[in-house]
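Below you will find one chain, with nothing else, as structure tokens; this is the form predicted on its own, and questions on how it binds or moves follow later.
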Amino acid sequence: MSFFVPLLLLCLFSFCFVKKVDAYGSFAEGAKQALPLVKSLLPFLACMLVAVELAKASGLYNLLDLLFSPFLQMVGIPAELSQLVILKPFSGSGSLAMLNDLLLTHGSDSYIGRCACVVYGTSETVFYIATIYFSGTSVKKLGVALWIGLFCSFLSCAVGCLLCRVL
């Protein structure tokens, strides 16, 4: 499996050689065209990162945990995972740190550990992805897309925990 990337690069360079395409020049041109996109994404990313840090520092996550924990338990998500389920749509690195803490506390073979891994793996950083995708397009009404993304993320957590309980 470790030979796959070098083989892929060899095929790419062979294709460029056959087609008489300057691979390095094409790469440099693509990188040059990416710079304006990165420049346009930066303000949106900065706003998102500041909002996530403010929510953490203000205790909003703890408040959301208190509000949503009973509902999450009703649908089969353990109470220990409520903060992970709430944090994952906002922050990938924060939820990874929370997953690590859960695994250290409960163990990787426990029901909580398995559910935590499934929750982390099946849900997505919805707000980060929406920020990246919608800042690069002319679509500015992203409310419906956000709700669908959040619903699907939550549904995947609930179904994943159910499967962990059954299997």
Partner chain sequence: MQYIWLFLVTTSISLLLFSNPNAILTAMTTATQNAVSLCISLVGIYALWLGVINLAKNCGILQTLCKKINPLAKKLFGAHNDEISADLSLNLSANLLGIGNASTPPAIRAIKNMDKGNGKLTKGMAMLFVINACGLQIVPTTVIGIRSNLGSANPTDILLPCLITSLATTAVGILLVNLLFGHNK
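Given the structure is predicted, the values throughout are model-derived calculations rather than measurements. Take the two forms, find the largest set of C-alpha atoms that superpose within 1.5 Å, and that set is the rigid core. Numbering follows the first chain given and starts at 1.
Heads up, the form predicted in complex with its partner chain isn't pictured, but that's what we're talking about next.
Taking non-hydrogen atoms only, L155 approaches its partner chain to within 4.5 angstroms in the predicted bound form. Interface membership of E124, defined by any non-hydrogen atom within 4.5 Å of its partner chain in the predicted bound form, is confirmed. Among heavy atoms of G30, some come within 4.5 Å of its partner chain in the predicted bound form. Of the heavy atoms in P70, none are within 4.5 Å of its partner chain in the predicted bound form. Interface residues of 49 to 87, taken as those with a heavy atom within 4.5 Å of its partner chain in the predicted bound form (partner not displayed): L49, V50, A51, E53, L54, A55, A57, S58, L60, L63, in sequence order.
A displacement of 2 angstroms or greater separates the C-alpha positions of C16 between this form and the one not shown, with the rigid core held in common.
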